[in-house]
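Only one chain comes next, encoded as structure tokens, the form predicted alone.
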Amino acid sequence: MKKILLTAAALALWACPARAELKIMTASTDLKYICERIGGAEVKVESLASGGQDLHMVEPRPSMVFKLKKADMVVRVGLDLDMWLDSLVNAARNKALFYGQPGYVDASAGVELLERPEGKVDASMGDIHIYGNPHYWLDPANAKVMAKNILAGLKRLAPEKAALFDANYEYFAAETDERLAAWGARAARFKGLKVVTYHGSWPYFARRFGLEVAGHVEPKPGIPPSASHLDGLVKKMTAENVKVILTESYYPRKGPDFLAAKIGAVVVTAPVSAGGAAGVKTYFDVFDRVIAGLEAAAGKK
């Protein structure tokens, strides 16, 4: 009888294997990193965009549709930054990933948003985001908000693993707080520094670390700079003694280099996502690199 029971138990385990890894697709490499931190060995995560891509400009591909067909969860940046993801999810016809379904996660939910446009919004204003500035992940304090949204999604899909996911979240949140304190101490050295940025990607970072954004290389979001706009920036930067230009790694250097040559400014080329530059492997590495660049630039200034 004992042998029969052991054989029956073994057959039951064979017939009901352990739950497979949750397959997760993310819109960015930063979200991939956070998913991996919260999900641990229970998840297999892939980012649809690379770390060196402008998330406004990701080109949908058939291979992405195929991956989404097999996914259990999709995690998006939201705030109309990754609208390209909508067509991919629709093409995949994976109902689990549709808005409002258990496998749909918008990482922006609960973020305190900046730069919400007021009044009439139209195409003449450039690439305006109607819900607010979507570059919220560049305030590392928002990592905990993103992680909380991902945590909720994972617990919906695998409630039996909730305690594990909760523990991973608590560890991640504690590490985030420790790193925030260290970054804040370093950023105190350049608090109040005036910078010109290429695109309006940096208001969350600037608020967190005390930068003052004096202008943008783009005359309007998504619009390349004209000669007259750059000349105007030269005058503004000279008048306000702005000596640092902060530009994302995927934007052309022509405009920033022109400004730097004219007024003797320093250009800081910054990755904005994990994988956006050599040696920047994680979401936390992004802030190590950007803060180091600003420390060096402030010293030269």
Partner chain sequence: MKKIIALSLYFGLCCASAAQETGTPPQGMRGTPANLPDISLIGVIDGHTSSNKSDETRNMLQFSEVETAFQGYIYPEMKADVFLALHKHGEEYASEICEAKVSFLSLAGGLSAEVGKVNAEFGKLNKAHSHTRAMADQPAALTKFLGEHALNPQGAVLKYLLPLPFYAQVQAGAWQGNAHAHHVDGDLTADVLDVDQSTVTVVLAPAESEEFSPAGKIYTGRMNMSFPLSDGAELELGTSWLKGKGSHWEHHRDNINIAGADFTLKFWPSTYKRFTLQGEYLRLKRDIPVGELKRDGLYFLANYRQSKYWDFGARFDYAENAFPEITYERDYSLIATRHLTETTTLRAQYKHINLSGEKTDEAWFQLIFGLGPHSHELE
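Being a predicted model, the structure only gives us computed values, none of them experimental. Numbering follows the first chain given and starts at 1.
Below, we refer to the form predicted in complex with its partner chain, which is not included among the displayed structures.
Among the residues K254, R61, K235, K44, the one placing a heavy atom within 4.5 Å of its partner chain in the model of the complex is R61. Proximity to its partner chain in the model of the complex, defined as a heavy atom within 4.5 Å, singles out one entry of K194, R179, R156, R189, which is R156.
Although the partner is absent here, D54 lies within 4.5 Å of its partner chain in the model of the complex, judged by heavy atoms.
Among heavy atoms of E218, some come within 4.5 Å of its partner chain in the model of the complex. Contact annotation for M146: none of its heavy atoms lies within 4.5 Å of its partner chain in the model of the complex. Using a 4.5 angstroms threshold between heavy atoms, R76 counts as touching its partner chain in the model of the complex. This chain is displayed without its partner chain, yet in the model of the complex the stretch 64-72 from 32-40, 265-273, 64-72, 239-247 comes within 4.5 Å of it by heavy atoms. Taking a 4.5 Å heavy atom cutoff to its partner chain in the model of the complex, the contacting residues in 84-102 are D86, S87, L88, N90, A91, A92, R93, K95, F98, Y99, G100, Q101, P102.
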